[in-house]
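Only one chain comes next, encoded as structure tokens, the form predicted alone.
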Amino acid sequence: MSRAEQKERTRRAIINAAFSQLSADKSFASLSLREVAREAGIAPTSFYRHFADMDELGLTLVDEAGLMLRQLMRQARQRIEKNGSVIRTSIETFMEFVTGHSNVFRLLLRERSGTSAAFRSAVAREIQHFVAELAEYLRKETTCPDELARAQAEAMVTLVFHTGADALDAPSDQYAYLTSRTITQLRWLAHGAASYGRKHKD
């Protein structure tokens, strides 16, 4: 293994170690560098070969979390092309992400309104990437104007993130209800957007 490959492997180990320690009871702000280094199997001093400080690691985690979510939703759109309902497939995929990567989603939720301006800005940027991709998809699929596609995408993302927050602390037997409720709400939203678009076409 080359030195560059070893460095990237260690960097990845640090990122994974940080993610693995996040939970309902432990936020990123409460993580220590020593805890992360120990979990990653490196000496604390080795941490600085990969990140300037814990803040830089935190921003990297936010970027990774946003990328994971966007990649998953891209996969959902591929599933849609093969089999059916846009809204149902998207929500089921999103709920799989929330339940399977709860520590990752908690990071986005917490830092979205956290005390660090840099973290808030980073999360806002990731959400805007998500909105932009969804708006582009809606524009292509529904031929609605850019402004309406953007407004619909923002409303959908807000609603879906709210459902994700509910799901984090809900018992598993509530997931089906939350999924069904959100599908209904998104369909209302889609029908309303379509109706609005027809009325304001000219």
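From 1 onward, residues are counted along the sequence shown. As the structure is a prediction and not an experimental result, all values here were calculated from the model.
Below, we refer to the form predicted in complex with a further copy of the same chain, which is not included among the displayed structures.
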I'd like to know whether residue 191 contacts a further copy of the same chain in the model of the complex, with contact meaning heavy atoms within 4.5 angstroms.
yes
Do residue 10 and a further copy of the same chain share at least one heavy atom pair within 4.5 Å in the model of the complex?
no
Residue 88: heavy atom within 4.5 Å of a further copy of the same chain in the model of the complex?
no
Residue-level contact is defined here as any heavy atom of the residue lying within 4.5 Å of a further copy of the same chain in the model of the complex; does residue 151 satisfy this criterion?
yes
Counting any non-hydrogen atom inside 4.5 Å, which residue from 125, 110, 101, 74 sits next to a further copy of the same chain in the model of the complex?
110
Residue among 70, 162, 34, 49 with a heavy atom within 4.5 Å of a further copy of the same chain in the model of the complex
162
Output the sequence-ordered list of residues from 23-44 with at least one heavy atom within 4.5 Å of a further copy of the same chain in the model of the complex.
24, 25, 26, 27
